[in-house]
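In the block that follows, a single chain appears as structure tokens, in the form predicted alone.
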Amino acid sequence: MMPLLRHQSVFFLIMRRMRPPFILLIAIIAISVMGLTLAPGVDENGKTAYLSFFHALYFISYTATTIGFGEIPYAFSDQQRLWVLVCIYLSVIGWAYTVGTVFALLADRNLQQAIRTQSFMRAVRNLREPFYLVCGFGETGRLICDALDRLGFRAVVIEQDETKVGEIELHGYHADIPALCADARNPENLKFAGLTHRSCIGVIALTNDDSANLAIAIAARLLAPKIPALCRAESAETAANMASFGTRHIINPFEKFSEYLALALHAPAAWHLLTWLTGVPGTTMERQRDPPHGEWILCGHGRFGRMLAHVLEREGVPLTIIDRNAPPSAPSARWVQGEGTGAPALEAAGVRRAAGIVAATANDVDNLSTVVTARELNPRLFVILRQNHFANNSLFEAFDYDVNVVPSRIIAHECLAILTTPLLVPFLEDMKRHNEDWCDRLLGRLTDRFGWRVPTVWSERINLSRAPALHRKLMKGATIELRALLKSPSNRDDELACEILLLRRDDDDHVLTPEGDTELRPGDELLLVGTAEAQREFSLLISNDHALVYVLTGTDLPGGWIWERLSRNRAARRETA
């Protein structure tokens, strides 16, 4: 449904629809008044008299508006009463037509959409805090909005499905989420939703249509080039097109999972660490068993299957592909033509000696049927199961899989990692370059301390806006080590429940898990992991002078201007003495 153009308004739409009944009412009143001034009457002296225009208008007004009471100069003659009788029935017809038009107008979908659009634009225009523009409120969009709301960020939504827009109001978000039922491919709609708003800090294109996501990426690049755009793309052609005009973040869930699988095969600890750090906040992860080495079976050779086949072949994994289509002219892996849901095809692929199986078709029922049959033939199989629709979640949860591939969750995790903690991506890239033992030690230390519940991961930059107290202290020449900041501002004997994963400096110097004696500099960026309470306490101590001085020296400074001056005078006298 298209919203109204900018130059249109609800007022003018109502006036256009109400024009005929208004004209009819005015015509009825005009004819009635004119007829009443022409109808002869009799005054108190028995002489013929005519009503003036004012008296006629006065009488018709209280009659036509159904008030029905008012004084007149003198009693009407029969001619006047006959004309008034005609006027009464004319006004009834006029008002019936007008009321019918009003009810039809209230039920008009265009008017309702215009009112909602005006209300939406007003809500977006009045936003004074940073917000993300989310295009598409499907499963991925819902996960993103849930996580943003939990993290304290505002969101504005454009969704083409009216039912999904209505669902937003049913969610118990802490802050209202303005939502517009419109096509996000239209640049005007994106501008209505705040693409060019000064408080918009990011655009997330999550629709199921690659062409729509491409149109959003183009609009964001041209209309708001300084705003980061995160776009979903499930085909290599769309991703290449987005990349050609500078889209910063392109997320292909199938390609991303293929990268994860490759990481899991040669560095399981790094894979566990990555999934733990990028999980949805508030959820609890479970450590899955590591993908085993040996023969693997891939059911389905579509877009996702081809990416997985490429990754498994690159990792040197012996692979057998089951697909209902005939093999290509020169297949790179062993090929079994048939239905993966049936035991004959699985037996032909060697399921009894296989180490793992991937059900990668676009049909959830087929994927479940495949892995259930395969597990009956080989209970030790490592199972990777693709889930296409969230509505089937209860069926998938009932099955004991090892890894569940849900594209919407993969996209949500990537978006949150990029948007909320910009340092997390470079940390994960650096982490992959370390050996497995380093990743295993780090994972063990962090999960021993914080458990498997997805931790709070956040970034801090030491500047005047983010860390004014710490920045001022460093600019005065103070020497502050990292370990000195990891203390509670309420009791400096207690350690904060957080750790520093990455230190980045303006000279592109990256330090993973820096030592406690590392000295801080103004402009440093820190990536931290810990609890939500530790995040609040750390933010307090780097922004509040009193908290920082207490943590660094143990001195509890007096609060308030008077007590601070008295304290300084006392210190000065003590130094003089």
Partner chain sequence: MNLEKVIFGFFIVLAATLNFGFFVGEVDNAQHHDIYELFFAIVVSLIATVLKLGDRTQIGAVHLSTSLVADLQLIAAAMVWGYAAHISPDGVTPEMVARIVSLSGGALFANVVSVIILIAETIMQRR
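As the structure is a prediction and not an experimental result, all values here were calculated from the model. In this text, the rigid core denotes the largest set of C-alpha atoms whose superposition between the two forms falls within 1.5 Å. Positions refer to the first chain, counted from 1.
Below, we refer to the form predicted in complex with its partner chain, which is not included among the displayed structures.
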Query raised in the report: Since the chain is shown here on its own, which stretch among 514-522, 60-68, 25-33, 540-548 would lie within 4.5 Å of its partner chain in the model of the complex, judged by heavy atoms?
Result: 25-33
**Report entry** its partner chain in the model of the complex reached by all of M15, R19 and L38, non-hydrogen atom within 4.5 Å
**Finding:** yes
Report task. Consider S52 of the chain shown here, and say whether it contacts its partner chain in the model of the complex, taking contact as heavy atoms within 4.5 Å. Result -> yes
Requested in this report: Verify the C-alpha shift of F390 between this form and the one not shown: is it 2 Å or more after superposing the core?
Outcome: no
Requested in this report: Using a rigid core alignment, state whether the CA of W83 is displaced by 2 Å or more between this form and the one not shown.
Outcome: yes
